[in-house]
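Taking the form predicted alone, here's one chain by itself in structure tokens.
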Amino acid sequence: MEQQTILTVSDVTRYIKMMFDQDDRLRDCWVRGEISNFTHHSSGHMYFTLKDSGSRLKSIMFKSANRSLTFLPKDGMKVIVRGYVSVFERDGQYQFYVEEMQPDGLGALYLAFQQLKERLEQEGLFAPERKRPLPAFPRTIGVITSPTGAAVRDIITTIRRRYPVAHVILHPVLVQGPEAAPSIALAIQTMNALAEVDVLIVGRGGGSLEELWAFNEEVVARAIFASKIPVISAVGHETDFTIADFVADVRAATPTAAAELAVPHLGELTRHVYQLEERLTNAMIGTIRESKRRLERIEQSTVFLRPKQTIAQKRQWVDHLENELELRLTRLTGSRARKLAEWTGRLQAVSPVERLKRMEQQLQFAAGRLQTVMAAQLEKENHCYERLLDKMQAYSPLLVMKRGYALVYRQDGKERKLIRSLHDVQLGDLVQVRLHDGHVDCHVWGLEEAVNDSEK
């Protein structure tokens, strides 16, 4: 077996990368494809895949290269890119490094125009409700355009011809090239800061899309949107539309049309004033004639010719009205009195005072019955009491003692006991005999037990 050189993975990858880098066809080439998996990294680099019906090509466009793009790539967009193919050694993958990109089919400027137009429209910069009306009689018109172009000449000439009483303030700006857009935006901000004009005309003459591009820049659109002074855009010809036209309060097809929109025609105003004066004069003459005719009719009326008769008729009419009024008042009073009586009866039926009176009567009736019942019950109880008292007197021991009976007590210490039997006393005991009218203290000298007759 012959001795062979063993390569590392890095050696192989580095060799393949060198082959890619040395291939003249791959070092600088154009590729057409559709963007997919697009990612705009926070670092500014763009990562995406170019694909067609048969294959895919992983691609990257560094921040330094995509900074000059006038449009934002997105998935599904067909583009033509220029760059080179090389190998990313860490992953061992080849990929396409894009240095330029342009839309396939549409021009880059047109695509940028569409994208900016959609974005600003979504933000509301074109909303019709924010557009302001132009002043009817502006005293000063601000013109922002190139001082050497035909547009400024057309605008000033038209204003001088139509409305020579107005003043024109020209703010010269660049209208073409990379510095045009900032120049126009700064001019709009300056005119607003000075606040010396009533309306602004921003525009230029016709040209290609690239020449008019300054009026499609976002900085110009936002300056017009922020302007407190109404803005008329006048860019190019009637067929040219720019972002400034959509943001402005009024779009003019040409600079000359912008001047015509900004100021009225003094001659037409004068004629209009003459017409109004003539109409006013005719109206006043007609009013005076009509007033004269009315005065004549009034002078010929009965009031002035026979005033006493008129007064007498009016008095008769007043008497008739008084009678009618009195009759209606009588009817009305009677009707209201009946209703008042009806409502008074209903009110009394539910009146708390009447209910209280009825309850007081019921209470008095109940109290009388209660007294009667109590008197009868008291008499009955007194009768029972007297009967019980008679019974108690009949059984009273004092009455028995009046018939000759007595009660004998024996003093046992502090307690006095009734003697009921011979066995309760002994010879020598002191006893007390209770009579119905007093008592007798006795000394027991003898005891003799009674003998029943049946035992004998």
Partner chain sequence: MTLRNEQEDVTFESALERLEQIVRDLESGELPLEKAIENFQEGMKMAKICRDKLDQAEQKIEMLVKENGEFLKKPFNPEDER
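From a predicted model like this one, the values you see are computed outputs, not experimental measurements. Positions refer to the first chain, counted from 1.
This next part talks about the form predicted in complex with its partner chain, which is not shown.
**Q** Using a 4.5 Å cut on heavy atoms, which of Lys314, Arg82, Arg119, Arg139 is close to its partner chain in the model of the complex?
**A** Result of the distance check: Arg139.
**Q** Under a 4.5 angstroms heavy atom criterion, identify the one residue in Lys78, Arg355, His272, Arg132 near its partner chain in the model of the complex.
**A** Comparing distances to its partner chain in the model of the complex, the residue within 4.5 Å is His272.
**Q** Taking the partner as it appears in the model of the complex, which of 262 to 270, 379 to 387, 321 to 329, 346 to 354 has residues with heavy atoms within 4.5 Å of its partner chain?
**A** Heavy atoms within 4.5 Å of its partner chain in the model of the complex occur in 262 to 270.
**Q** Can you tell me if Val250 lies within 4.5 angstroms of its partner chain in the model of the complex, counting non-hydrogen atoms only?
**A** No, Val250 is distant from the partner.
**Q** Using a 4.5 angstroms cut-off on non-hydrogen atoms, would Leu363 count as touching its partner chain in the model of the complex?
**A** Because no heavy atom of Leu363 falls inside 4.5 Å of its partner chain in the model of the complex, the answer is no.
**Q** My question is simply whether Val219 lines the interface with its partner chain in the model of the complex - judged by any non-hydrogen atom within 4.5 Å.
**A** It does not: once its partner chain is placed as it appears in the model of the complex, Val219 has no heavy atom within 4.5 Å of it.
**Q** Val152 versus its partner chain, in the model of the complex: is there a non-hydrogen atom within 4.5 Å?
**A** Val152 belongs to the contact set for its partner chain.
**Q** Given a 4.5 Å distance limit between heavy atoms, list every residue of 252 to 284 close to its partner chain in the model of the complex, or none if there are none.
**A** The stretch 252 to 284, when checked against its partner chain in the model of the complex, contributes Leu266, Leu269, Thr270, His272, Val273, Tyr274, Leu276, Glu277, Arg279, Leu280, Thr281, Ala283, Met284 at the 4.5 Å heavy-atom cut-off.
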